[in-house]
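Take a look at this single chain in structure tokens; it is the form predicted on its own.
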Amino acid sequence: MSFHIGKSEKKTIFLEVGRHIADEYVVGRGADLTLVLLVEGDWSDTIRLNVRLAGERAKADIIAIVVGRGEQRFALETVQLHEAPRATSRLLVKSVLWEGASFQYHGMIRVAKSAQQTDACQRNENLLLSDGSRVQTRPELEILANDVRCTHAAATSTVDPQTLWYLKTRGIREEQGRRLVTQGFLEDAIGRISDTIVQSKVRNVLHLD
């Protein structure tokens, strides 16, 4: 099933795992889509998110936040499919993992020969809060056009002990310090959401208010 964003339409869509997620989101000519995906709780299936930029000067901002605890297993696959010229897509996937949680991410930017002057980027950032948490990330590009700007990157980190030490010197306990670092890490993604109502929904679900 496809969800279409029509010509010159501007729309923000908030997706929570456990509710219906369309197989594909199609962005028309001059349309502007912000797609926000929140993955947390008891979920084990692979989530597939396809965004097709089908019209000239279409734009898509894709923001995915994954939060895992215990022995939870998450897998996310995304495709940014550029079919029309002068379209733009931006994707940011952030995961925060505690205890033995694991996350697998596979991202693809695919640019058709007709999609000249494509501007696309894909980034995956992961924060591991326990020794037992694991991440596998695989970003890919498949480009047939010759006039494009496409980038992909992935980074995985832990909480810097020096940061926790600095916070302790300010009277902040280690557990609270880890929470502050986690909030800052997630706020970088949440702050990219222009719709303040959706921002508030995400913060409420993640208990960041």
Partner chain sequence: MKKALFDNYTLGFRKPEKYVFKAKKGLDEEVVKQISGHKNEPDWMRHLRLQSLAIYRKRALPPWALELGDASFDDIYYYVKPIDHKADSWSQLPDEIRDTYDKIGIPQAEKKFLSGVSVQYESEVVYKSIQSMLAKKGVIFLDMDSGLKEYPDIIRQYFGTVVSPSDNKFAALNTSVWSGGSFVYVPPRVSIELPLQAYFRINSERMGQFERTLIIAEEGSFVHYVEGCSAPMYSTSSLHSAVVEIIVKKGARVRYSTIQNWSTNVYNLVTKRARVEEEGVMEWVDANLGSRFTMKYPSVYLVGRKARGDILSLAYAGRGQHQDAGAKAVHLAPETTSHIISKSVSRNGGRTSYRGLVAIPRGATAAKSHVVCDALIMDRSSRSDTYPIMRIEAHDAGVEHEATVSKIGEEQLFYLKSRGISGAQAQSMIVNGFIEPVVKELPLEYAVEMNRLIQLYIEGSVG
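Quantities reported herein were computed from a predicted structural model and do not represent experimental measurements. Residue numbers count along the first chain shown, from 1.
Quick note: we don't show the form predicted together with its partner chain, though the next part is all about it.
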Q: Would you mind picking the one in L92, L76, V79, L129 that has a heavy atom within 4.5 Å of its partner chain in the predicted bound form?
A: L129
(Q) Please tell me which of I62, I65, V181, A154 lies within 4.5 Å of its partner chain in the predicted bound form, judged by heavy atoms. (A) A154
Q | One stretch from 163-171, 51-59, 136-144, 30-38 that, in the predicted bound form, holds residues within 4.5 Å of its partner chain by heavy atom | A | 136-144
Q) Counting only non-hydrogen atoms and a 4.5 angstroms cut-off, does I47 reach its partner chain in the predicted bound form? A) no
Q) Counting only non-hydrogen atoms and a 4.5 angstroms cut-off, does V148 reach its partner chain in the predicted bound form? A) yes
Q: Could you confirm whether Q176 comes within 4.5 Å of its partner chain in the predicted bound form, counting heavy atoms only?
A: no
